[in-house]
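Shown next are two forms of a single protein chain, provided one at a time as structure tokens under the names structure 1 and structure 2.
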Structure 1
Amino acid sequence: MSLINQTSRPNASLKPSSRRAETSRVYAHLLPIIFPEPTYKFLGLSLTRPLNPHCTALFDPLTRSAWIPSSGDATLLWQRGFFGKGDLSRSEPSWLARQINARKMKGKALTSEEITAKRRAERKQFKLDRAKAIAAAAAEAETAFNEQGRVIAPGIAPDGTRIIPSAATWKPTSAPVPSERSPLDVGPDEEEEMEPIQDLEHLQLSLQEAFFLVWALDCLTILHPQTNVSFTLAEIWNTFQNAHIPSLVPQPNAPSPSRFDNPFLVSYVAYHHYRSHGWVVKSGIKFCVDYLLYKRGPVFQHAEFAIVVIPVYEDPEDQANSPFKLQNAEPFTWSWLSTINRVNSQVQKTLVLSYITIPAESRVSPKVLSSPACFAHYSVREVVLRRFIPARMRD
């Protein structure tokens, strides 16, 4: 299901200022719930109810995710909070739009994937042209030395201009030729006879995003993958925890073992913590971290912070007896930390170590794990880590 259409994507023909205004209008809300301006008041209290949409998802135990089958629900969840990702796209579900653009070849409303592919093709062509120019200049200099006995500067024309192209002056000379017949050669009658493209893409929510929409916002219903019967909150609570238990066949609705260090609980504590503070939280696997924090969303600017979730056991005995091997629970090496910090420093992101304290079972009764009320016993501490560069930070 594509979210890029004439109503949801800014027009490519608009001026930059108009496109920014259109983008701000489309993505004006950071949550699916909208609080309209109060129209009726009684004793100083607003009687206007918030607009709380209700979406439907299908739980998939194999991928540990929830799938949004409806294009309308997917559009709403993406435009209001950037929840989920397209299963056939990098981020925004744009598979259908890419297929339509490839068929029509208009080239006006390129998707993010198409823009990236175009830039990579241009960089590849630039490297090939530069290599050919360097080889030709070297051959010319060698020929001049062998035949005339004079030494010339390779890559410099007689008038002093550079023959070898640079990244600042090079321009693509020709567009890549498509392998199939160009859609421009298709007549109007034949174009009308083309079958419509079936949308094969769905919006995929992580378990943390799905539970946030179910429990914190009450705007999502999750269906059983086999019976299509809606889960209750208690069944979702058990099912999402069971999804992280190693087993050959995932069993939805099965009772979950009561442990505070369940991977779903630890990761959700961090997700809910930053979402409740107004950040747009997305997966950070591309930069070797757990989460990325956006101030407004991916369509406005790059992520500012990269979050590494580090579980900390309040009682070391709980870690020794735990069936889970939580990532980053063991002490990590400085080389690993320096690698992660360098990767994120190169892309202008601040690395944040988010320590999630897991309550001790000897202090807190496991009975509180029967409901999300157990989140009150976790705590979050952050440590900002910045790479020290002596040449830049001397003043």
Structure 2
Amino acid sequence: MSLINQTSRPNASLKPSSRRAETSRVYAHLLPIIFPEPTYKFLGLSLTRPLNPHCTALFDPLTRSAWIPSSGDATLLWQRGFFGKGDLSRSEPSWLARQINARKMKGKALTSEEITAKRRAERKQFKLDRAKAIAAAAAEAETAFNEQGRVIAPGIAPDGTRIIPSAATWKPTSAPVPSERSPLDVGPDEEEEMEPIQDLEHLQLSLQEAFFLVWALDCLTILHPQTNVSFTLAEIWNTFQNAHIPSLVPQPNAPSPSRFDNPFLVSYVAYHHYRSHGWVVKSGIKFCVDYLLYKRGPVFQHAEFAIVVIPVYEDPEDQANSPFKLQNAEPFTWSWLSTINRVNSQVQKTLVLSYITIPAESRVSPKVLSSPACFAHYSVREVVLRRFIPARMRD
């Protein structure tokens, strides 16, 4: 059951506690695989098998991602672990629901995008009102000074009240008026005769998410986009490493030469590390970082940690010979670090620098790169960053 419902009672009318209970019920499963309560035990071992949804995805080489074509699989992967993102939505694929809402023009059950749009429109109106009030107050002060030589404090009316609106006290003056429907408008009967909207959205998994589902959880199969033949694990392993070669078709042959600093491998190490500790890991592009860590998921609370992946080469020679120019592999500047820390502190996230050590080709033979067993040779170290202000932080 998706939280996007046009017909049933909208979530906004439920009490906050029942809404929370509803959310906890919908997102109860933390991973796509469900371990059911054991009904039969033999010698203390549960004999019930885990329930595996066996989802399928199509590999897309141009966008370097895996697309989930079935909306049932998409809902399942989103609700059990928050994997993927709708390509036309902020998080969960809600494009079709928004189009249907727009068509009905009732919009009672607003999707998250519509709520945000409404909030932004109100904030814009508030800013315009405030700007006008400031300009009017300043003009009044000017005229008062020019005419009477009197200096008045702008922004304070003669009876002492503030006339410049503040965010806490401003209220939207005109409520958004739904357009009046004339009797000749589309009635409910005619709506059903209109063409059903084709769902042009899909859930898109990044390569790291897709590989985690394929290799760590074994609940996803990836198909070739044109032939629909499923890839073997070895083909997926090679194709994902080759994904940064610009191409319109998948490249399932082993990369030559195989390198430890392949961008897919380095970012996957970080993704797998945090996922296996139970964090929900999402993209951090909106906050200038690589990943965001959520304790339970984006629908519950804002992300607590922002991860920047910093690759470190064990052997500088490997970096010099590298065909890849990995981000953040060079020593960074203080201005860069301060900027990222400021951006994230402002949104109440803690910045974590995640150092991934890339093994040296002189010490570890690149032959281990033929399988995911090579991940054992990488290591992850975290450094947490907080701003320290000695004058203010004593309380």
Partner chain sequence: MQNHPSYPVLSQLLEKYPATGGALFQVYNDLTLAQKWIDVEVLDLPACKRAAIKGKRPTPDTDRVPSICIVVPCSLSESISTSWLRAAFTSLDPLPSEIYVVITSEDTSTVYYKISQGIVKPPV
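Along the sequence of structure 1, residues get numbers from 1 upward. Take the two forms, superpose them, and find the largest set of C-alpha atoms that agree within 1.5 Å; that set is the rigid core. This is a predicted model, so every value here is computed, not measured.
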query	finding
Selected structure - the one that is the form predicted together with the partner chain	2
Threshold 2 Å Cα movement between structure 1 and structure 2 for Phe145, core superposed	yes
